[in-house]
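Have a look below at one chain only, the form predicted alone, in structure tokens format.
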Amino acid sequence: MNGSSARPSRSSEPTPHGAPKPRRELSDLQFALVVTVPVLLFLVVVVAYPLGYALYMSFHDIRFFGGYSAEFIGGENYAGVLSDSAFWGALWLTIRFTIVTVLLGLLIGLGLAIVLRDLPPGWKWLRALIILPWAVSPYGTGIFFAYLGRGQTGFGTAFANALGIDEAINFISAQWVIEYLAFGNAWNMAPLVAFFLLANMLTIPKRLYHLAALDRMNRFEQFWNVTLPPLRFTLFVFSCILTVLALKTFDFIFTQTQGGPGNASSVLTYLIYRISFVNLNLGYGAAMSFFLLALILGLTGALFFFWGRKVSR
């Protein structure tokens, strides 16, 4: 019998009295439950309960005058929303605002990313400043663009006066207010898009650009064939993010126009606020909010069906 066979294994050695027992590792299922259960409980508290209560209110006529009362009326609130011309007008303004915001946000973000990628070595510190406009709150951005867009203090009037034109140019007018709001909203969110697109661009191998130069591609052809393909998934993701953020924008519009002039910028979020918290028609406002939720899910689902499935393959 050799020495190795006579030596007892470590598992067979007696554990000293009072020594701590070895820690048992968690299984995959146990680890998954430890990680997900607190998150699910948090979501139930902050999302599921308010959503469920809003659904309850949408089927009731809630009154506060003469004491609180909630009368069950079935689907009357939903039928009223579908026959409400104010809802359809706000729906069109919301879609218009969202489309312009997403397009401008992606274009401005892509342009910023390209400029920051090609900065000279001594100027690359500017990349750290890219996030500053996004760090400004929507409330502050709304006040900032409200002053810039008015006829008395706006940059349009200042530019016209610099050219010798004595005329006030008001961007917050019924004709252009949605586009102006979308531009300000895109300005606020585009740095986040640029930040991720820039990080994506920096992962593209330099040799691809050298090969494109050997093939005598111009700058646009290099962008279209070398730079853009790796960015398509990132652009899809941020098109979904910008769509959701634009559809639920409220504070930026409230601080800048409060739905005006008239109802020219009364998007769905502002209309729901006015119905629910100004007119105190909570049941009707809750029903309208579910149409907004359906719009958010429908547009993001359409983006994935027509675009996301292609770029995620």
Partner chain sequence: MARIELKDINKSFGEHQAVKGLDMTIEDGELLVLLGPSGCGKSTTMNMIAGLEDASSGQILFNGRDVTDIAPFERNVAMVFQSSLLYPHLTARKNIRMSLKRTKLSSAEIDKRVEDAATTVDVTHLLDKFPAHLSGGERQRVATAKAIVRQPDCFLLDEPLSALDAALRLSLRSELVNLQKRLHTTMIFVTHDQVEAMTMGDRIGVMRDGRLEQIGSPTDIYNEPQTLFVAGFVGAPPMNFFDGAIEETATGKVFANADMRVPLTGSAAELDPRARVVLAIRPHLMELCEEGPESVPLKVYAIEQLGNEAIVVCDGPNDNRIRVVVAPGYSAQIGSTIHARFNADVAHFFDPATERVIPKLTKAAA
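Owing to the predicted nature of the structure, the values given are computational and were not obtained by experimental measurement. Residue numbers count along the first chain shown, from 1.
The form predicted together with the partner chain is left out here; the points below concern that form.
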ask   = in the predicted complex, does Ala162 have a heavy atom within 4.5 Å of the partner chain?
value = no
inquiry  = Taking the partner chain as it sits in the predicted complex, is Ala212 in contact with it (heavy atom to heavy atom, 4.5 Å or less)?
reply    = yes
request  = State yes or no: in the predicted complex, is some non-hydrogen atom of Arg232 no more than 4.5 angstroms from a non-hydrogen atom of the partner chain?
outcome  = yes
inquiry  = So in the predicted complex, is the partner chain close enough to Leu208 to count as touching (4.5 Å, heavy atoms)?
reply    = yes
task = Note which of Glu167, Glu221, Glu71, Asp84 lies within 4.5 Å of the partner chain in the predicted complex, where distance is taken over heavy atoms; exactly one does.
result = Glu221
key: Answer option from Ile108, Met217, Leu91, Cys240, heavy atom within 4.5 Å of the partner chain in the predicted complex   = Met217
task = Look at the stretches 222-230, 167-175, 139-147, 97-105 and give the one with heavy atoms within 4.5 Å of the partner chain in the predicted complex.
result = 222-230
